[in-house]
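Coming up, as structure tokens: structure 1 and structure 2, two forms of one and the same protein chain.
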Structure 1
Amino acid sequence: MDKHSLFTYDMLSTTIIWTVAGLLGCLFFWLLGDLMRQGIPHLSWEFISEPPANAGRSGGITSILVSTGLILLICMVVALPIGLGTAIFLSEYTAETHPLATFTGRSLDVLASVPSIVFGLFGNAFFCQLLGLGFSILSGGLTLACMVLPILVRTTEQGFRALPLEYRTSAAALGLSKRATLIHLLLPAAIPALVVGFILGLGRAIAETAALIFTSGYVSRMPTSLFDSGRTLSIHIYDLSMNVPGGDQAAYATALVLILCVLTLNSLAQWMAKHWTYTRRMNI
């Protein structure tokens, strides 16, 4: 292939990549613009600080925000240590061709593609009924933890496997134990992959509706414990749009708050990862 053909191929590839990226950006800004146009007029401090009233047509979403935060907190507190531990076991203590690693990987891939409503039915049968937790924030958080684990494990595992083999051999040559190598060398280097998995899992969890209808319930009052039923932002949007006549404006405002929460959490996670990585490098 001559230089002219290579240049043409490179320009064509670059154009396609930038076109796709531009289309995705336009789609996001179109969606955000529509939400802002419909939701900002209904958005106010009272909307954030007051509980829902009149089936959500008036009042605010303070109890909805509290329920959403508690469910996400339970989800991530349960999913992060289990997901990180599983990823470390698969990448550092099990060969990629080992039958256990192959079986676990395929199981995670299947679970990642299971519809959320199936997780909701499982959560209802296992957490709500078998364990006796009922329709509660705890049941919803544990169900969401089961949903995000496949994404978190696979992303973090691939981050560990992508690290150069020289990291491990150099640490062994210096006499570092497996545990010390993992904690002081491999884990800091794999933080970006862990953050990506965390953000993807968090994005799926915070926008989930079907699974939580069967586990956390519809109740919009302020929860007093983890065993109370609680309504998340996504369920509130669904209810206002489908079941409450005249609730469209409140639904748009709630959706705008949901988008802002996702952007804030994503930005915070990325900042914490960069800050932690920078601090670790400065201390070395």
Structure 2
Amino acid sequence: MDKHSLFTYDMLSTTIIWTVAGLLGCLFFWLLGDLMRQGIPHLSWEFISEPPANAGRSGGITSILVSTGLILLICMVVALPIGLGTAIFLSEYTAETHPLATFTGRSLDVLASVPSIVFGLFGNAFFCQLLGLGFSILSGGLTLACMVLPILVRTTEQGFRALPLEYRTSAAALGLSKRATLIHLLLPAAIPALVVGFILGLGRAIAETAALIFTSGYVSRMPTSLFDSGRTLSIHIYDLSMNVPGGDQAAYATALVLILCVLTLNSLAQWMAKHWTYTRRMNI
């Protein structure tokens, strides 16, 4: 290839890449701009503090926020001990090549990529029907717990694996039992990783829709117990846009609230992963 055409290709590719990046940037600014333009006028304190009225077209989203909160609470109360236990077992108590460790690792990899609608089917068959929980906040929360488990385990496990080996050897030299080393030394040092995993899991759970449609259900009333059906923010958006003519404005406003939650959680996790981990370890 002669020199002239090489430079032509270079110029051409530069132009194409800048154009693509520019156009995509514009596309997404358009998307986010639309969300804000349509959603912000509808946002107000009343929107947060009032129950939905007229199928969600007017009124607010209080009961939906409460249901969302309860589902996330159930999800984390169940997923946290199992996730932490699994992470500790995988990193501290077993070799990576042990059959149970490889089996659990493989399962978690598969679990991480199971389509959310399949979690919904499983949740419906197992929690709603077999355990008889019906369409309830409890069923929804338990289904989400299965879903966030992989991210929780993997993040926490990496946190434990990142701790220096000297922690364990010095503790052993001092005659501490394995349990004492774990509770007094390793766990406090790995707390940041656990919190990051927790926040990432929350972010994944709050964004979920398909797994919840037929586990926690559609009901938009204020839940009175965990056995009531409850609708999350994401299901509210889906229902308003698909089944309620004239619900677009409220759907946009709810979408803004949801995005705000997700973004806060994600940036919190990023910030912690960057800063907190380091300072914690230095103080111990």
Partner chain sequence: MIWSNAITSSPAKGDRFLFHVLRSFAGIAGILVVGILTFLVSESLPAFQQIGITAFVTDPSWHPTEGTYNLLPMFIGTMYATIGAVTLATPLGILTALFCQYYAPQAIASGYRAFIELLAGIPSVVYGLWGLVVLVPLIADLRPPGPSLFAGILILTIMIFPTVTLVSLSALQQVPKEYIQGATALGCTRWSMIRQIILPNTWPGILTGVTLQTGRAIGETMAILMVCGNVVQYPSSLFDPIRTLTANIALEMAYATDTHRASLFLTGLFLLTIVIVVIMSTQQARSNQAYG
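Throughout, residue numbering runs from 1 along the sequence of structure 1. Rigid core: the largest C-alpha set superposing within 1.5 Å between the two forms. Note that the coordinates shown come from a computational prediction; the quantities given were computed from them, not determined experimentally.
- Note that the form predicted in complex with its partner chain is the one shown as structure 2, not structure 1.
- We note a C-alpha movement of 15.6 Å at Trp18 between the two structures, with the rigid core held in register.
- Per-residue C-alpha deviation between the two structures, core superposed: Ser267, 7.2 Å.
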